[in-house]
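Taken one at a time, structure 1 and structure 2 that follow are two forms of one protein chain, written as structure tokens.
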Structure 1
């Protein structure tokens, strides 16, 4: 893109300020900036103006979960069905590790965080060990794709290689990068991260399948005959991945998607709850949950919206391919965005200072006809690490790891 073309595009979206330092840049830096301007989707920035409309929900009604008792009664049969699918190579796993982990505040990507105390025990290691349990049980390897972002690609790929994938077979580990989106101030003006570089941020965890497709990884999916993808977050060190019982239950119930859920520990716990929205499966985020929904009861007198999602979903590949052809809703999230101050010096803000634009995996659920919320015991499968201390932290996860017999 030429300077003239860049000026035209920027004028269209009111973003001319990003050329403020253009004259100070070297020839190479100028070209890099022009290329970035060309590649950036600026139409999404308009979304700042109708932020409230984006958050609007339809009519919310309860969606019953398959609870522990029913799962126990059918465990053998579900597990058999799940193992058969895994042994036939029909199940793959996708680790979402493209997030910035700003709340944890570690300089390294989250998966490289050491939760051990007397020995090294990395988050990636915990997850791979959990998956290895199924590899052993099924006596077959499972393709594991890892999503990274431009901000954290080299470090985790190098780290996992150095650690020899914690015993996982390298041919079964694949990496792909998610796309980036521009980050702005509260007026929707793109920040500069450097004089010749727009501030960008990973575009949320909802773009994972499109990014997987763009990276060419669907060849692996198709060649291996994978029909189901179990997508999961990097931060839950206890989660079971490609869990045969969960896979089997979703298949037997003929659902388009399976979602692992936990019983909330308090009505206002900060997890999204599974529900129906205008008759289709959906998730209401904790900050969208009204008092009325929080206190609603179902026909048995139990809380109607009491099952929280833990970002562990089982999707069917043909559905994902259909969804990839359409558009996903946009979420505008307040974040701390590294930027330049008025004098052109880089700053790392301590408080949120603007917006990033994300697609979220939970919106994929709403595009599907049926969903199986599958309850798991929270003390055995839910130990998220979002913060350093307090709720959902390194401390709470360590306590839960110990409770499950993991030596720290």
Structure 2
């Protein structure tokens, strides 16, 4: 993109200010800024004016989960169906690993965090080990795509290569970067992070497939004949990936998406809840749950909104491609955004000072006509690491790893 083309694009969206320091930049810095302007989708910035409309929810009603009893009664059949799909190469896995370990006291990407005590045991290692269980069970390799971000790409790619992918076959491991979205002030004006760099943030956990597509990885998906993608978050060290029983249940029930869920340990536990919204599958985030929804009962007298999602989903590739060709719903979130002040000095705000723009997985699910909430045992598949100590922490995950026979 030339300077004139950049000026034309910026004028179209009222963002001319981002070239304020252009003349102070080196030739390389100028080109980097022009490239960033070219790559940035500025059409989303108009959404600031309709923020309240974007946040509105439809009518929420319960969605029944497939519970442990039914799963156990059909485990053999579900597993057989899932293994057949895996052996035919129809199932791939996608690890969302763009986050950093800041809240754990680490400057490295979260997947590089060592949860071991007497030996090294990294989060990446735990997840790959869990996937290897299925590789051995099916006697076939599964393509694993790892999403990084602009802020952490080099470290995890180098780390996993140095660790020889913890025994995973390298030709089945693929990396792609999450796309970034501009961050703005409350008027929708893009902040500058540096004089030659726009403030940006990852485009949300619902941006993974668009990012995967734009990186060119769909060639791998199509060439391998992959029809289902199991997408999962980096921070749950116990989760089962490409779980044949889960895959088989979703296929047998002819559902567009499968979602692993756990029974909540308290009505106000901080997990999103699987539900129906205007008759279609959806997720209500924990902070959106009203007292009425938290205390609602189903026909059996159990809590109606009982099952929390753990960010482990199974999507059909054709559905994902259809979504990527359309417009994903947008979420606008108030955040603290590091930026330059009016004099060009860097500022790290202590309070929210603007908006970040995100797509969320819950919207991907809401675009589909059916969903299978698939219950898993908390103590066997849910050990999230979000904090250094306390709830959902390194401490609690270590205790659950020990309980499941993992040497620390």
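Bear in mind the structure is a predicted one, so any value in this text is a computation, not a measurement. For the two forms, the rigid core is made up of the largest set of C-alpha atoms that agree within 1.5 Å on superposition. Positions refer to the first chain, counted from 1.
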Checklist outcome for this item: Block containing the form predicted together with ligand UTP is structure 1
Checklist entry - Is residue 17 among the residues whose Cα moves by 2 Å or more between structure 1 and structure 2 after superposition of the rigid core? => result yes
Item to check | C-alpha of residue 348 off by 2 Å or more between structure 1 and structure 2 on rigid core | outcome: yes
Checklist entry - With both forms fit on the core, has residue 35 moved 2 Å or more by CA between structure 1 and structure 2? => result yes
Next on the checklist: Core-aligned, what does the C-alpha of residue 6 shift between structure 1 and structure 2, expressed in angstrom?
Outcome noted: 5.7
